[in-house]
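Each of two forms of one protein chain follows alone as C-alpha cells, named structure 1 and structure 2.
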Structure 1
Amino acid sequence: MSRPPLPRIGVFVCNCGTNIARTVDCEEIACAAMEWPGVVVARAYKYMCSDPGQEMIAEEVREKRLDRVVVAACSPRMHEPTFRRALASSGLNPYLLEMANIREQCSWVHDDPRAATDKALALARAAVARVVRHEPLEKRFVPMNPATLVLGGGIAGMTAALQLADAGQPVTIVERADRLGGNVARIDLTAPHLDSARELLLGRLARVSMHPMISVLLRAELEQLEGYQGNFTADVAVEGASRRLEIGSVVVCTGYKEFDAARVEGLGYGRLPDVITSFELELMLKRGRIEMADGRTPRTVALVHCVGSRSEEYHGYCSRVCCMTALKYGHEVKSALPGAAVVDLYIDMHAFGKGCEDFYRKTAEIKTLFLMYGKNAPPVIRPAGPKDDCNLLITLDEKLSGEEIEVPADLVVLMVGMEPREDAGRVAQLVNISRDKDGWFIESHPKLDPVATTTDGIYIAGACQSPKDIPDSVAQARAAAARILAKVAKGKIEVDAIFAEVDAARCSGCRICGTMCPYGAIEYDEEQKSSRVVEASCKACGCCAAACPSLAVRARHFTDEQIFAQIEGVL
C-alpha cells in the first residue's frame, strides 16, 4: 500500500530587519529548507510581516499550489494571526500554518552566529515536520449579548458606561460604595489646569443617573461570574439580595487605594498630628480652610513626594500623579494662605503629561522651594523643640547641595502613592484575570492590547490596571467601550477553531480535567456521565489533555501526532 504524497510546503524566513539576521543566517535556512521533504519553495525576506512580505506568501501559495506554510520569524503570539490572514487571503485554510520562533527562542538569546543558525535550522525543520500533520479547521460562532457589566463607578467606570449607553447598548454599573465618583470625588482641583473635580464629575453623574440605558447598583458586589465572552451570567449582591444579570462583556474599573503612610515610620504619620496625607489635605481644601491640628494657620507647608512609591521596601513603581498633585497643592496653599511658604521635597520631578512642564515652571515662579532627596532615603520628621520657630523639623540629605539639612515646617503633607485595592485578588479570581507582581490587573499586551485581558470579554480600565491620571483613565475606558461595541456590532462572537474535545466514549467521569482547567471551560454532563468542553471558553492551553488519565481529551491543532512529529523534526 503506497503512502499518500507529502503536501506541498512553502518555507518563509524573516530577517526581522537585523533582529534575526544579525545572528542567524536566514539565507542558509532558506537554501537548506529546499532539501527537506515536501518543501517546494523557500524564501528569506527582510520583513515577512510587512504588506509586501504577506503578499509574497499569498502569491507563492497561489502560484505553487501550496498545501502548507511554515514561517520562521518571531513569536507566534506577535504575528501568527497576521500570517493566518495571509493564508486565508490566498484561499488556504489559515490553520495549515506553523511558525518557528527563531527570534525570541534563537537570535535574541544566542551570540554565536553558527550555533544560532544551527538551532534556527532545527526549529524550522521541526515546524516543517509538524505542519505535514496539520488539519484544516473551521472557526465557529456564538451569539453576542450586547449588555455590559461595569465594575466600579469612578471616572473610568462612568465613562465606559456612557460610551456604551450612548451607542444604545444596556449597561449595569456595580459600585461597592453608596455613591458614584470614586477617588476623583475626593479631589478639590485637578492638575495641571486647576479645574474643579466636582464640576468634572457633576455632568457625568447627571448623565449616568438619567440615562435610560444605564442601571446603577450601589452598595453592590459581584459574587459570581460564569460563562464566556458574549454569554456571561453574573450574580450580584445588592444590600443582601442577589440579582442575576445576563451580559456579554465586563469592564473592570475598580480603581486603587492610597498607600498607608503609617508604614513609613520615619515620617511620623499617625504619631504627629500635623503630618497628614494628600487626601486629608484635599478634605481641608474642599472645606475651604487649611489649618493645623490645634486650629492655627500654618506658616510653612512641606510637601513630601513618593510616599510608598519608588521604594525598594514598599513599591518600586512610580504612582505618576503625585508630582503634579504636589505642584497643585503649592498653588492652592499660596492661594489660600498668601503669606505661607511652600517647600517641595522630591526624588525626581515627573512632569510627563500635556501642560505639566509648564505647570512645573509656573510653580517655581510662585516661589515654591524645591529640595531633592535620594531614592530609598526618605526624610525624617520629628517635633520641633520649644526654641524652634516652627512645629516640625524635617531632616534630609539634600542632593543638589550635597548637605544634610533641616527644614522647618508647621504642616507636612505626604504625597501617598497608589496601590491595588484590598479586594483586587478576589475580583481577579471572580472574573478570571491575572495580576502582576505588584497586584495590578494584567492587560493582554502592554502596548498592542492595553485594555483587553487574557480572558475574552473581560476588559480593564483606569487605575486598577496601573497608576494613572484622569485623562489616561478616561482614554482607556473609551477604548474598552470601543472594543465591546465593535463586537456588539457583529452580533456574534467568533470562536477560535483551536480548542479541546472530549471523547465521551473514553471519558471515565473523573473530572480531573475540570479541576485543572484555568478558564473554567469544562462542564460535567450528569446524564452522559462525561465531561464536556465549552468551546467558546477554551483557550487550548492543553492542561486537560495532559492531565486526562483516560486519554479522552484531544487538543485540536496540538495532537500527539503533531507534537511527536515536531520532536522528531528538531532532533
Structure 2
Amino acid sequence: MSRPPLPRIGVFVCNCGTNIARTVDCEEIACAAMEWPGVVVARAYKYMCSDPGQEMIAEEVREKRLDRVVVAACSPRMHEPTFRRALASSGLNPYLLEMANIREQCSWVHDDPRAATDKALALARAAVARVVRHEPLEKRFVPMNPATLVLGGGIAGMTAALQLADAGQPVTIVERADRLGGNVARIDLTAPHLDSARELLLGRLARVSMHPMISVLLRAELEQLEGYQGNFTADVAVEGASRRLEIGSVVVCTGYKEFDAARVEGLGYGRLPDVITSFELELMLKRGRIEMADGRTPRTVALVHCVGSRSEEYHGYCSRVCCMTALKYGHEVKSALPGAAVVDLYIDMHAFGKGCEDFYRKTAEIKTLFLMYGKNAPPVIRPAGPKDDCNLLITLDEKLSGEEIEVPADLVVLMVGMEPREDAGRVAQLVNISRDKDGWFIESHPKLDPVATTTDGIYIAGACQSPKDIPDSVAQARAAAARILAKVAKGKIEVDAIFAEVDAARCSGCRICGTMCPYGAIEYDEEQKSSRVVEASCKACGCCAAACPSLAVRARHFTDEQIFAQIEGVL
C-alpha cells in the first residue's frame, strides 16, 4: 500500500453560524490541519454550504491546484451532495471529497469545548488520512424505463397513476383487494366541505378504468422486486398466477388500516353493541339508518376522539383526520336526526386545514356539546341502569370545567385512528425501504424530499407515510409523480459511482461473495473461473468485500485502505 505522491489537500472547516463554533474551536482545527501531511490550505468559514462558502472551496481548488478536499462540517447525509457539486464546478472529481461530521456527531452532542475540539480534530485528521486514498470515480447512466408500478389503488395510488398516465407514461396499479378505492370508498361525505366521496372516487375510477396507459391488477400482490431504479423487475401474483413486469419506478401507496378499538378496554367496543367505530357509522349514514342495535333511533350520539391515537399505551401520534371527521359526523347526525343531541369528546381540536376552523365553529353553532378529556385518561363507557333515560353512560374527567362527569348517550361512535397495515413490514422489505418506530414508511427527508425514500426509484405517497387527509394524500401522490416524470423526461438516470468490483487476477473463484450478495449482483464467470459484479444491481453494501478471503473484492469508496487510514486517523 503505497501513498500517492504529493497529494494537495484543502481542509475547510465550517462554523455553521454558531452551531459548530460554539463548542468546537474551528480556527484551531484549521491551524492544526496545516501541519498534517499533504494539507496545503486550511480555512474556517461561517457557512461553508452558502454560496460564498462553496465559492471559496472552488476558488482554493483552482488557485492552489488542490486535488483532494476535506470539509469538516455537518453530517455528510446533509451536505455531501452540495460539496460534491462544488468540487465538480471547480473541475475536480466529486469523489475526491471527504467530510468530517463535526456537527451532528460532535458539536451538538458534547458540551465540553476542549473534548469536542479534540474529537473534531481526530475526525478531521481521519478524513485527511482517508481522502489521500480516494480515487476519482465516474458516475454512470442507465436507461430509464418510463413504466411505473403503483402499489395500492386508493386515492393516492389512483392520483399518482393518473398523473403519470396523463403525461403519456404507462402505469400498472397493483391492488390487493377486489376493487379500487381503498379507505375513501368506505366513507360517504368528506370533511370539511361535505363533498361526496363517491363522486370523487367515481371520477378517478372512471378515468383509471378507461385510460389506455393504465392497467389495473386486482386481487394482486407484489411478490418480488429486483433491479435498480429505472430498471426494476417486479413479480406480481395475480389471483394465483405470477406475472412479471418491467418497470422503472415504484410508488408505494398502500395506505393504512384503522386501529382496533377493542384494544381500549374501557370503551367497551365489542362488548357493548351500541359502541361502534367511525367506519360503522359511515355505513349507517350510507344506508340512511342511524340506529341502535335494537333498531331504535338514538336520542344522544356521542363521538369519542383519539381512539388509539395520542396515547402512551397505543399510538403516540395524532391520526390527523379524526377531528374533522368527528365534526362531520356532528353535522350528519343532526341532519339525519334533527332532534338528536351530539356530544363530542376530544383532547385538542385539530381543525387546522383550510376551511376547518370555520367548520369547527359551525359544528359548535348547531349545539354540539364539546367535552374535553385528558391525554391518557380516556373516557369509560358502561351500560346505563334501568332508571336512566339512556342506553349508555360515559364517565370522564372533563378538563374545561374541572368536573368529573357522566354523559348519557344512546350510541357512541369511536373515532379510530390510523395505523400501518399489517403487511407494511413485508412491503417495506420487498421494496427495500425503512419504517419509523410507529411502522410508517420513512421519507428520505421530511422537508427536502418528502416523497422519495432511501432506495432510489421507490417513492411513497399517502397515508402509508403517516396519517393524512385526502388533499394532502393527493398532493403527495402528485409530488411522487413529479419525481418520476422528471426522470422519465430525461430518459436516463445517474447511477451512483459507488459499487463493488472483483479483481479477477486475485479471485480464487470460491464464490463466497456470490452467496453473500443479497441482490444476486455477483455472477460467476465459468470460463475465467472468477466472480464478477453486475454494477447496476450492486447497492454497495460491501458485504462481499468483507467476506472475500483473498481480498479480491474492492468496495469502491469504502476500500480497506481507506478505512484503515481512517482508523489510524481517529486514534
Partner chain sequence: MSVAASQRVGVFLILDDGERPPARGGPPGLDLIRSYSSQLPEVVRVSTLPATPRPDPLALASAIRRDTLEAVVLAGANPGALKPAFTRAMDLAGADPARVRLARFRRGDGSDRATEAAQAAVACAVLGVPYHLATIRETRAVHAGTLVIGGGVAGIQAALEIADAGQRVVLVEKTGTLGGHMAMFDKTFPTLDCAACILTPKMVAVGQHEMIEVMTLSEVIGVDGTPGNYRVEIRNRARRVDPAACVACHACMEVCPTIVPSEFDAGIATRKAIFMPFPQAVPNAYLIDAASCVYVQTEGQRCGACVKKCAKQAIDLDAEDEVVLRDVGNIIVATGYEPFPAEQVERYGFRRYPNVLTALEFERLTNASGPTGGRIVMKTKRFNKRRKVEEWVCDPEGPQPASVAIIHCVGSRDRNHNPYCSRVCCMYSLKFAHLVREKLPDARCYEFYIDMRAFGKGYEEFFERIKEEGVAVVRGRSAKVIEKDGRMVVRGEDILGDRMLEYPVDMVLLSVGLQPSPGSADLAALLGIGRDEHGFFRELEYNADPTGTERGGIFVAGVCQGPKDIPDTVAQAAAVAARALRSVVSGIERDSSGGLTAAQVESRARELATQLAAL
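Keep in mind it's a predicted model, so treat the numbers as computed, not measured. Residue numbering: structure 1 sequence, from 1. Throughout, rigid core stands for the largest set of C-alpha atoms superposing within 1.5 Å between the two forms.
Form selected (criterion: the form predicted on its own): Pick structure 1 here.
Superpose the two forms on their rigid core, then report whether the C-alpha of Ser537 is displaced by 2 angstroms or more between structure 1 and structure 2. Passes the 2 Å threshold, so yes.
Arg62: with the rigid core matched between structure 1 and structure 2, does its Cα shift 2 Å or more? Arg62 C-alpha, core-superposed: shift of less than 2 Å.
Does Met48 shift between structure 1 and structure 2 by 2 angstroms or more at the C-alpha, the core having been superposed? Moves: no, less than 2 Å.
By how many angstrom is the Cα of Cys517 displaced between structure 1 and structure 2 when the rigid core is overlaid? Its C-alpha position differs by 4.4 Å.
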